[in-house]
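There is one chain below, alone, in structure tokens, taken in the form predicted on its own.
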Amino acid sequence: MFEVRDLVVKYDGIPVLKGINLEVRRGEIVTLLGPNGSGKSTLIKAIFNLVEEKEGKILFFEEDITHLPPYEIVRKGISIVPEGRRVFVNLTVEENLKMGGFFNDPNYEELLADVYYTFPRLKEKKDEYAGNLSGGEQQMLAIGRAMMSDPILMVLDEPSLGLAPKILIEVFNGLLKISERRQISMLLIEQNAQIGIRFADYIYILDHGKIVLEGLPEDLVLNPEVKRKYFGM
């Protein structure tokens, strides 16, 4: 469904991503793990065509979307939950959600109801300003906003960042609901290996701009070197 082929990204001529290949199938949750500086954020920028020096291809249902403008990529069915949530703090919860569905008027009410079903807290606080929400509630709102574009693939950048353990599980259980109920595929970019393993169908490990390992979670966690170096186990 979604495929990155031989992706190279350079900054001022210096390679940051060095031939990345990865794939996400329909209904699958794929986790990309990697330490700080490994190139995770650059990969997200490349997917949404926010980098200048780029080689290789990004395919969505076999269509080359490598050089489409970001808004066209969203219209094709790929949404993003950015690192740090980036909600509109001076807008209400429902106004934030409306921003996410700005080109989806025919399905607006259905999508809104689905967001509230997934995250009941948001319905309770729909008239509150987003800036007054807790960090976990803002993360739910960022995910809900991404749902409002009715995506086929959702790209999530460090969704566990800064969340307390109880809220973290609530957020990720919401993601599982979304994936299972709406058959939304997910590319989960994470530094938190424990949470990344728990919710993934397939894992890629990025280090120094390269995919150094990939496989099923149950296979990778059996490798002592992988557990020590990447999973902190």
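Numbers follow the displayed sequence, beginning with 1. Quick caveat, the model's predicted, so the values are computed rather than measured.
Form predicted together with a small molecule: not shown, discussed below.
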**Asked** Heavy atoms within 4.5 Å of the small molecule in the predicted bound form: which of the stretches 29-37, 168-176, 52-60, 196-204 has them?
**Response** 29-37
**Request:** Could you spot which one of Asn192, Ser185, Thr66, Thr42 gets a heavy atom to within 4.5 Å of the small molecule in the predicted bound form?
**Result:** Thr42
**Message:** I need to confirm a contact call. Of Glu94, Asp150, Asp114, Glu158, which residue comes within 4.5 Å of the small molecule in the predicted bound form, counting heavy atoms only?
**Reply:** Glu158
**Prompt:** in the predicted bound form, does Leu213 have a heavy atom within 4.5 Å of the small molecule?
**Reply:** no
**Message:** At 4.5 Å between heavy atoms, is Val16 in contact with the small molecule in the predicted bound form?
**Reply:** yes
**Prompt:** Could you tell me if Glu83 has a non-hydrogen atom within 4.5 Å of the small molecule in the predicted bound form?
**Reply:** yes
